[in-house]
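For reference, the chain that follows is the form predicted on its own, supplied as structure tokens.
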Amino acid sequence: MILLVLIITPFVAAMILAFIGDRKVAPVINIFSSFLTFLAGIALAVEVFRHGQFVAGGKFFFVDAFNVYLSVLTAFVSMTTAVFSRRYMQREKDHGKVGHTRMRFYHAMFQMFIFAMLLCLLTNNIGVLWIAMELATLSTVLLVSLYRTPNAIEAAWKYFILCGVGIAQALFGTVLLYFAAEKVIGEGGEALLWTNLIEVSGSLEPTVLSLAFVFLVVGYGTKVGLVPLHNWLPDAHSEGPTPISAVLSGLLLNIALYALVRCKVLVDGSTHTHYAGNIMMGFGIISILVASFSILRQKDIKRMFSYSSIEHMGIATFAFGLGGSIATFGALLHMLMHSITKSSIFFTVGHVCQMNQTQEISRIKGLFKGDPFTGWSLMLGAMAIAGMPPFGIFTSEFLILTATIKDVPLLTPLILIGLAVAFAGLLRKVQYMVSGDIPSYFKQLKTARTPVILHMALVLALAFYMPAFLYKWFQAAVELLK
């Protein structure tokens, strides 16, 4: 029943919001349904914590320590984003950027996006996972193009085409995976279930799975935003509404990486080599370096932080590829810290852009004087995402670096160069925006502060203390993945 509530709530909310349109109650329904989804996620996590992993719905759903942790994270960030978007989107509507029809699209597709992500995480069927990933793509295409400007439509098409091509590669990899599994398990839906695949992974044909993983890493790696498959991500972030940037960066990238990591476990069990891990490490290192140097060249604040997302997903991908207890634990913690921090940053960036009526970094300045809360939120968010202590990302990066020094010391300088360049680039540009005098076009606005405060407090608190239940979650997930 808990699992059913978690999955069905955003789907029903999407249907309701599609019918009621842009009435005053729409944002309230959006927030309430997101809150109910979050409560259901917490209840499901408690169930897994007490009784361990389980299969439900006639083997259609599968819940363990790895996907339930990401489900709670998805529900939490979706809830705070819904709270943030109420005032933000109303201001966009007041300024004429969106009309009644597009607001209907916004609320309905927001909930449909949440439904698609939760279905990706909780399904036990690799075919349904692929379908749900495609549904997440289609729902966010409409959200990226919400403003209907030429640049927004171009960004949406680029997102649709590149991710469509990528997801087609993932489909071919899924077909190859089924081809290997049906020879062991037999024909039919049983050969598509994660639980069955994990049990027989040692009996699957290594050559077929090695080939399948190449297609899967290209397909799902496109959604993760790994270089050189990343070109859609900066455009989608910069042209879409800021709340969508928050959930794209904080959640969708995690979902695609989740699928990739699940596939890596199968390939490792079949080949008994580090083949899949080496591929992930290669993509991760390239993503870290390219994204870090790209940050230095950005003139748009949302594009800058989108390249930061590519860098951090590169770090997590590298850590999962490296494997081992420390690196895997660090990767799980890094996904958590990045999601909470980056969504908070995009909340603040939304306020900044509306106050200055621009996304150009060169025209944003004087935030400390104009709005101290927003200025300090941006500064602290940049410090956190750059990996400064005492924020949680420093902890996760320290764990990953420790594992790298132990297992592959020759790659350590490359990671350090990427981290140092990103650190310098982010703080240099953010320092310019928060300091100086208030520009004449600056407009003081009432902002949604609660989501920002809550996210930053969590990032800071988790750096000093990890609750026992969260530590056990991570430890259980590490045993599944290392």
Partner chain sequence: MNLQLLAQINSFLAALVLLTAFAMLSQRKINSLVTLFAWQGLFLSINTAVVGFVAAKHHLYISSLLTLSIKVILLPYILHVLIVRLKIRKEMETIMNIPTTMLIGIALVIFSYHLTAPVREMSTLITRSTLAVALATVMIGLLMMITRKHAVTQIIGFLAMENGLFFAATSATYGMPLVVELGVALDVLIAAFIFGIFFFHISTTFDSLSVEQMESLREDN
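Positions refer to the first chain, counted from 1. Quick caveat: nothing in here was measured; it's all calculated off a predicted structure.
Note that the form predicted in complex with its partner chain isn't included here; everything after this is about it.
- Stretch 211-219 is the contacting one of 345-353, 211-219, 92-100, 316-324, since its residues have non-hydrogen atoms within 4.5 Å of its partner chain in the model of the complex.
- Using a 4.5 angstroms threshold between heavy atoms, Lys406 stays clear of its partner chain in the model of the complex.
- By the criterion of a heavy atom within 4.5 Å, Arg148 is counted among the residues contacting its partner chain in the model of the complex.
- In the model of the complex, Gly202 stays away from its partner chain, with no heavy atom inside 4.5 Å.
- Residue contact check for Lys369: none of its heavy atoms lie within 4.5 Å of its partner chain in the model of the complex.
- Taking a 4.5 Å heavy atom cutoff to its partner chain in the model of the complex, the contact residue among Ile198, Ala168, Leu411, Met388 is Ala168.
- Comment: its partner chain is not present in this chain, but in the model of the complex one of Tyr275, Phe179, Phe394, Trp376 has a heavy atom within 4.5 Å of it, namely Phe179.
- Of all the residues from 290-321, those having a non-hydrogen atom no more than 4.5 Å from its partner chain in the model of the complex are Arg297, Gln298, Lys299, Arg303, Tyr307.
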